[in-house]
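Next up: just one chain, as structure tokens, the form predicted alone.
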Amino acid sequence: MDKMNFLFVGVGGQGVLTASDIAAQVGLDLGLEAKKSEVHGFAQRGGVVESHVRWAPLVGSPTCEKGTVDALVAFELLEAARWVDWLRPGGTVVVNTQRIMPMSVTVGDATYPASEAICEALERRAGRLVRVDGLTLAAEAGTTRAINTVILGALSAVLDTPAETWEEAIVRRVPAKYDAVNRTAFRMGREAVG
């Protein structure tokens, strides 16, 4: 794999930016140039978070162009739907099946679409849709804060990259006291893809 465009999306507090940092590090560890860009304005209030990561022998811009993303990595189901137009036709979507109600739904101004309707929309654009119950797997691994590591495990399973490279990048990025739980969460995410 010598070129890859990723778009990581989710809601503040899900570990989206940490996951994108790790993905950028993996690109570097694979001997490629890696660049990233992030937007996290109201992240601490449950707002939308997005981060672009690009790997290639030479990377110009740190952001992907709409319609060029190879892998859309969504930490929340509705966020996957909001960003699916950025995916190249036939690209891969790795999505956490967790539903976090946006403020418009909470106050009754909008309705959260049915999960199956969202997945059908994703499948129309994607060549591959990987659904992962990241919240449940993270809890089984030892902490719900490891959702991002579960999702990275699933992402690593669909890419032609060594699992060890991802796992080492994760361990270098997270505090040592969370090493074991993150290794477990990563492996559970890989196994969820089958």
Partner chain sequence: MQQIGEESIMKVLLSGNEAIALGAWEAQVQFASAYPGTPSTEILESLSQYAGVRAEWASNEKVALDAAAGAAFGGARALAAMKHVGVNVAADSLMSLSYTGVQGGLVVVSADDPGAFSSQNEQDNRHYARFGKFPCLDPSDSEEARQFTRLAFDLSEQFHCPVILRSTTRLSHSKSPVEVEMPQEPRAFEPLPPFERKPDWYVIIPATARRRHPVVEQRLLDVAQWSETAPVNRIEWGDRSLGIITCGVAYQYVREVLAGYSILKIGLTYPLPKQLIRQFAGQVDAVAVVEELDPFIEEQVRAMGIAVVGAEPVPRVGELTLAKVRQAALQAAWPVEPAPELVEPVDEVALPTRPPALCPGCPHRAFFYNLRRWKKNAVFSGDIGCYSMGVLPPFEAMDMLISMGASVGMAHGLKKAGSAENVFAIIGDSTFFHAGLSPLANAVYNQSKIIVAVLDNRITAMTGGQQHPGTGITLMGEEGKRIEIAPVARALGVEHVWELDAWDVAGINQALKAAMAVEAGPAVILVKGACVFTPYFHRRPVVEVDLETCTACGSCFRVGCPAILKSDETHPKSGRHKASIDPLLCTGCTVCLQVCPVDAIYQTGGSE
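Numbering follows the first chain given and starts at 1. Please read all numbers here as calculations on a predicted model, not as lab measurements.
Absent from the display: the form predicted in complex with its partner chain. The rest refers to it.
Taking the partner from elsewhere, Pro62 is found to have a heavy atom lying within 4.5 Å of its partner chain in the predicted bound form. Shown alone here, Ala74 lies farther than 4.5 Å from its partner chain in the predicted bound form, counting heavy atoms only. Heavy atoms of Ala163 never reach within 4.5 Å of its partner chain in the predicted bound form, leaving it off the interface. A residue is said to contact a partner when one of its heavy atoms sits within 4.5 Å of a partner heavy atom; Ala24 meets this definition for its partner chain in the predicted bound form. This chain is drawn without its partner chain; in the predicted bound form, the residue among Asp133, Glu140, Glu33, Glu168 with a heavy atom within 4.5 Å of it is Glu33.
Of all the residues from 139-153, none has a non-hydrogen atom no more than 4.5 Å from its partner chain in the predicted bound form.
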